[in-house]
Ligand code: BES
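Given as structure tokens, the chain that follows is alone and in the form predicted alone.
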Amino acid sequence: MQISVKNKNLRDWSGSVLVIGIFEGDIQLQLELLAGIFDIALLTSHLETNDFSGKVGEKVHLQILGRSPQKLVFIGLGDTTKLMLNDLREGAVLAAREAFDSEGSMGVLFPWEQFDSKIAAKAVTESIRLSFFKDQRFQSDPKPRKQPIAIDLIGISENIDTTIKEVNSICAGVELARELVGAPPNELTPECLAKKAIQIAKEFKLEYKILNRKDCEKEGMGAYLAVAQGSDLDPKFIHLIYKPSGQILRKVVLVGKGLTFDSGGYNLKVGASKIEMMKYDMGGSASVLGAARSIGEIAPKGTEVHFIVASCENMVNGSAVHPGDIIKASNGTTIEINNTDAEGRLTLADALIYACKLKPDVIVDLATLTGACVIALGEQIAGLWANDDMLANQLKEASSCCGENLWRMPLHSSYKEGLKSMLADIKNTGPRAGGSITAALFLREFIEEGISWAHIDIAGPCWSDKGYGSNPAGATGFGVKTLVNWACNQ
């Protein structure tokens, strides 16, 4: 989708849909900017008839025959003194919905001057573009969809070309993540995920390594391979590398959980666990690969970024790991498996050990790890655990700036008592209470001293049954914007 800035008078703009943000208050005064273009008395009457007062969430449209634009949309932005960036995002989503059946250009006139125009433009255009996303790949006869081919931001005087390029790159990464999560498990196997990673690497000039089962055996990845042994499909360990031109100031590793299907193993998922939805258990890997695509195109300076995914299936056959088995991770830690459905943390254990060997400054992992986190935070907020306050604050700020929600959770060390094993070094699950915390504490065991680390549990916001904001029903691509914003701006 083409995004451009039109620093011109409204009477000089032409397109199919014009969207105007209106504050609560003197609407008549705000309509004066349309004088000489539209009949102000007619607009006033139409707004009054529809009880439009400019409150947040209100919208009114007016069809116009025989001229450009064909549709005029007013979006309520609320009290001008209380305007938040999320109000612009919500207004942009409403605007996009009003433009679904339109073609040509969509003009947007929002109060850019209330914020840094780059920040405001990014928030609005990301929300509009992502609102238009719809995955129709697996429909035999998809219905044709009309939507604008261009977004014109009206009234911005500042040069924001770089921001616009980043918007398109970030949105492409989010859309990729949505497609990966939305793909059925018979289409997106570990091998297919590895092929997609290679495609990203080749297109955006990233280095890559794909480790097969024998390679992982040589690395001693007993935890990861224990999960994979119940599937007829071979595991694929993915490692992409972005290296910037010029001086490297820091090295970052992003790790994503990559279970392309999770049956639960012998602790088979039943009832409310929704086994049919476990294709999205690779949501963390989708976000990491989406971020790789975006970062590769944006090409930030100074930061080397590694993207790691230990991909496999968790299935049940005669070779599958048993509850009660004791396995060994690649750093020698022995793990008693008391629940085969807590498999993601086993794959992440070896992935985090591998990441530590790269001697990075920072490791961030994303995973659809625990149902406990969904119970705690719902479907719109991800849990954040970190061993470094500065890193936690950076990630929270990065997520807030791009409209994704993180809530920091405690790494309460005494809860590690619940992971004690009578036979091995550690169990893979603790008691039910505080399950998301003990999961994070388990992962922390595989982080080397001195490396800043954060864990983000996206089990809730990775998928939405009904959709919210610019997120459709289904896969949301949550995490891509946060990772890119953080990696490119620190």
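Sequential numbering from 1, following the sequence displayed. On a predicted model such as this, the values are computed, not experimentally measured, just so you know.
Below, we refer to the form predicted in complex with the named molecule, which is not included among the displayed structures.
query = Taking the shortest heavy atom distance, is residue 459 within 4.5 Å of the named molecule in the model of the complex?
reply = Close contact exists here: in the model of the complex, residue 459 approaches the named molecule to within 4.5 Å, heavy atoms only.
ask   = Just to confirm, residue 368 within 4.5 Å of the named molecule in the model of the complex by heavy atoms?
value = Although the named molecule is absent here, residue 368 would touch it in the model of the complex, with heavy atoms inside 4.5 Å.
task = Flag residue 269 as yes or no: does it have a non-hydrogen atom within 4.5 angstroms of any non-hydrogen atom of the named molecule in the model of the complex?
result = Contact check for residue 269: yes, within 4.5 Å of the named molecule in the model of the complex.
query = Just to confirm, residue 429 within 4.5 Å of the named molecule in the model of the complex by heavy atoms?
reply = Yes, residue 429 is a contact residue.
query = Pick from 350, 404, 343, 313: which residue has any heavy atom within 4.5 angstroms of the named molecule in the model of the complex?
reply = Looking at the other structure, the residue within range turns out to be 343.
message = If the cut-off is 4.5 angstroms on heavy atoms, which of these, 400, 339, 147, 380, is the one near the named molecule in the model of the complex?
response = Selected option: 339.
request  = Answer yes or no: in the model of the complex, does the named molecule come within 4.5 Å of a heavy atom in every one of 19, 123 and 126?
outcome  = Negative, none of the three is within 4.5 Å.
ask   = Exactly one stretch in 70 to 78, 255 to 263, 297 to 305, 170 to 178 has heavy atoms within 4.5 Å of the named molecule in the model of the complex; which is it?
value = Only one stretch passes the 4.5 Å heavy-atom test: 255 to 263.
ask   = Which residues within 190 to 217 place at least one heavy atom within 4.5 Å of the named molecule in the model of the complex?
value = Sequence-ordered list is empty.
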